[in-house]
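Heads up, the chain below is alone and in the form predicted on its own; it's given as structure tokens.
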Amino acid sequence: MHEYPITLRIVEIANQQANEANGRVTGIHLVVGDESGFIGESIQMYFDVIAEGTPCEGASLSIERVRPKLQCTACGRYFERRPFSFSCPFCGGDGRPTKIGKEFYIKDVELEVD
């Protein structure tokens, strides 16, 4: 449910760019981390409804997922956590949480300009 206001804002930003360029939106690319708190499928569902009748109508929405990673406190390498383990697969050290996987941003907006 909380994807509605963020999707509305995404459409507003893309529409603003289209209006400034006197064009229409053909694609929007998002980067969404798995731990961002947003669900890509919900964003897609709201996008189709919110974009109707705007310069975004008919545009494609692609979502690049980012899986969360831990950083080893011993060797410093980044790795994806295995189920029930925080151990580094390279050296066996302890993994600590990072910001990787919490991203949420518009990577780019594609426009068609006459």
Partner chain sequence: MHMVKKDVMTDIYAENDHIADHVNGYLSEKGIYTVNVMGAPGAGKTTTLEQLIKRLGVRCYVVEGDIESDIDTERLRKEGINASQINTFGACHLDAPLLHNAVHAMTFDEQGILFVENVGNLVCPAEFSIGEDIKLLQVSTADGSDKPYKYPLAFEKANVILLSKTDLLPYLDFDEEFFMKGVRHLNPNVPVFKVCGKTGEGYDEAAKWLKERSGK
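Positions refer to the first chain, counted from 1. It should be emphasised that the depicted structure is a prediction, and the values quoted were computed from it without experimental measurement.
Although it is not shown, the form predicted in complex with its partner chain is what the next lines describe.
- Although the partner is absent here, Tyr46 sits far enough away that none of its heavy atoms falls within 4.5 Å of its partner chain in the predicted complex.
- When contacts are judged by a 4.5 Å heavy atom cut-off, Phe90 does not count as touching its partner chain in the predicted complex.
- In the predicted complex, its partner chain sits within 4.5 Å of a heavy atom belonging to Thr26.
- When contacts are judged by a 4.5 Å heavy atom cut-off, Tyr78 does not count as touching its partner chain in the predicted complex.
- No residue in the set Tyr4, Ala51 and Cys56 has a non-hydrogen atom no more than 4.5 Å from its partner chain in the predicted complex.
- Shown here without its partner chain, the chain has Gln17, Glu20, Thr26, Leu30, Glu35, Ser36, Gly37, Phe38 in 16-52 lying with a heavy atom within 4.5 Å of that partner in the predicted complex.
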